[in-house]
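Single chain ahead, by itself, as structure tokens, in the form predicted alone.
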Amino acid sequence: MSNVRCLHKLIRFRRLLVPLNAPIRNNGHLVSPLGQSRSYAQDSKDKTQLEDFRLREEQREKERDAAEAAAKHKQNDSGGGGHQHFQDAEQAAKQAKVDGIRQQILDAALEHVPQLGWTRQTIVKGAEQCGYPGAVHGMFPEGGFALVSHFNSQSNAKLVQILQEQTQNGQREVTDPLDFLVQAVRQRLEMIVPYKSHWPQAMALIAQPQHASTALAQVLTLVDDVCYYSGDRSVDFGWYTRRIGLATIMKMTELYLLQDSSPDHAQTWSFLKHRMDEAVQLQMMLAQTEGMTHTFQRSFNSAFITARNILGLGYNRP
């Protein structure tokens, strides 16, 4: 807008100067007035015209600024902000619809994992089952990891719902916290059993650097939920230590599960129980050596806090 104003001002300025610089006739010859001597009165007149021109332009510019400000104010009063709010709401609705389609396809794709594994082809099968063309797999740039992440999120949510029912949303006191932790980890790992033959493929996808942050966030959130509903309301440094320990035991048991061929994976659950007992004994032993305890706690706490901050996780609960 300022460039346009400058252009209009220049045009009007040239129109003012053209009559002053126009050639005149002297004895039949064209002579520029710049080549003639000018009178003091004529110079004063020209200066007065230029000053009047400047004042008029300044006044016009003020009037334009006032008109633009009034128009903008009127637009805001007439619902300009409401229009932007409507666009934001419409965009959010479109994104929610896309997310709903993604979840529908991934839910259907989980049925084909035992046959096809955690692959893009499995997602295509899920899309076709839902009535969408196979090309819709482009909605999942993460490939097979989108399916793994969806399964982990869904399984974690199921476990949290079970724990909430058992503890009345954390209001009922847990009489045996150790057994509660063992059963919670077992219930979560049992959700992997139907996909056991292809779970190494899922673990390989989880271990890829571009997926590590999402996978780690899911693990840390899960262990915090399990500890919380087991009755852990502590605010000391052990808060981090217990969660790191539980995550470690859960991943160790997960690896043991993959090679366990015992009936109903009895050896896996025995392994889990023994590791939990050892963790309790280790905690009791470290409690007797204060210096070593603080050293281990600082190490675990630093690792946990760093991971939590990088992932932007928060564990504040009502």
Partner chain sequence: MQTTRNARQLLSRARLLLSRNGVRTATTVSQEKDAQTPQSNQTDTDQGKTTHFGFQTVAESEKEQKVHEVFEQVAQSYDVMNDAMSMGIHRLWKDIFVERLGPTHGMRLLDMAGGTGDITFRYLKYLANQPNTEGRSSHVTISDINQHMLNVGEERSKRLGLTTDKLPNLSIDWQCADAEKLPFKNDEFNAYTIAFGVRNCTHVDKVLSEAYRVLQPGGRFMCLEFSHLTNETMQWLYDQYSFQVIPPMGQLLAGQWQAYQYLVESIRKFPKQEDFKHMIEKAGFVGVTYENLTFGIVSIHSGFKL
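Computed from a prediction, not measured in an experiment: that's the story for all the values here. Numbering follows the first chain given and starts at 1.
What comes next is about the form predicted in complex with its partner chain, which is not displayed.
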Within 4.5 angstroms, counting heavy atoms, which one of the listed stretches 132-140, 221-229, 192-200, 154-162 is next to its partner chain in the predicted bound form? 132-140
Heavy atom of each of 211, 215 and 250 within 4.5 Å of its partner chain in the predicted bound form: no
Would you kindly say which of 97, 172, 233, 72 lies with a heavy atom within 4.5 Å of its partner chain in the predicted bound form? 97
Pick from 106, 124, 206, 182: which has a non-hydrogen atom within 4.5 Å of its partner chain in the predicted bound form? 124
Within a 4.5 Å heavy atom cut-off, is residue 101 in contact with its partner chain in the predicted bound form? yes
Hey, in the predicted bound form, is residue 188 touching its partner chain, heavy atoms inside 4.5 Å? no
Non-hydrogen atom contact residue 128 with its partner chain in the predicted bound form at 4.5 angstroms: yes
How about residue 120 - does it come within 4.5 Å of its partner chain in the predicted bound form, if we only consider non-hydrogen atoms? yes
